[in-house]
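Encoded as structure tokens, the following chain is the form predicted alone, with no partner shown.
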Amino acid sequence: MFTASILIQQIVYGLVIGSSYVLMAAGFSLIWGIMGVLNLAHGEFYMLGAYIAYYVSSLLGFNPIMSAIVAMAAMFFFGIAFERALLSPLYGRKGWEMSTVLITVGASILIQNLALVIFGEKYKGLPMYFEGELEIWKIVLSYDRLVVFLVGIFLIALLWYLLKYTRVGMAMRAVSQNQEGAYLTGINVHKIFYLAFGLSAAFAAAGGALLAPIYFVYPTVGAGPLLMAFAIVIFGGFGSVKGAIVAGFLLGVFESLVVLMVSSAWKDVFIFVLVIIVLTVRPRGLFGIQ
């Protein structure tokens, strides 16, 4: 029998996992909204961020939070290099949208196999952020999950502030609305492209690094988060960062409740059934333009 405290605790767990989903999905949605690129290598950014955090922590002795910051910084520049080397030469060419999909699929396979060769197939895990747990009104939350939630919320708020209240953020929004108009007003569109891609990679890496102490790290760890990010972006509305944030938390809570009431084996099925139902009513998602 489910008590109120158990139900509330599952909702809290859902918000924690939802915060990491948002980090993954917000970046995925960001580059679609600005660049029109469907990056199917986004899950590998998550995986590389987790590996960087693991090795920075284990080899250099950094605590997991500092390791996550290093992972974000490294993946920011990796994302810029990825966009400049693989995607930038394709813009404006005939059929470039499909070409970017094929390029990112190929890059995903390549990065996974390189990770398998370099890092090995064994699962790796970071130590917990903090030992112990917090208990409030019979609701128990381990300190490491609390840290994931608080840092995730901080990063989400930081991204929202960047997009809404900075010149770079306003330029990104202008490019997402009208690339040609943004170019005519003096905005360096290509610079906005690689900055957006770098931010997308950094936030995916943050998701991987934050969850590394809770889940294991292995070469294909990004496949599940990529699938979830795709569902969240569809649910929230393609190109809408606001939609990705709201949908990420909603699906995190929904997943947690499905695990409680049905089984963890069925959570992905229920999530995609919910996405299908929402798209039947609102074909462009919760915050897409109808």
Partner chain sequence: MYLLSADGLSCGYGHSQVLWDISFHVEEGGIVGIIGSNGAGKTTLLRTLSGLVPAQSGKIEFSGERIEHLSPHKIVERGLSQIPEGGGIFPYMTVLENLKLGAFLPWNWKRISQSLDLVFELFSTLEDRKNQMAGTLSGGERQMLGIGKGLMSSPKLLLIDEPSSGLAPKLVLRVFDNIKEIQKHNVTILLVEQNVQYCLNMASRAYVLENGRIVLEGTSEELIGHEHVRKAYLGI
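Numbering follows the first chain given and starts at 1. Values in this document were obtained by computation on a predicted structure and should not be read as measured data.
The form predicted in complex with the partner chain is left out here; the points below concern that form.
- Checking I80, L87, A182, V147 against the partner chain in the predicted bound form, a heavy atom within 4.5 Å turns up for just one residue: A182.
- For the residues V101, V140, M128, M170, the 4.5 Å heavy atom test against the partner chain in the predicted bound form is passed only by M170.
- You can rule out all but one of 119-127, 204-212, 149-157, 172-180: in the predicted bound form, only 172-180 has residues with a heavy atom within 4.5 Å of the partner chain.
- By the criterion of a heavy atom within 4.5 Å, I187 is counted among the residues contacting the partner chain in the predicted bound form.
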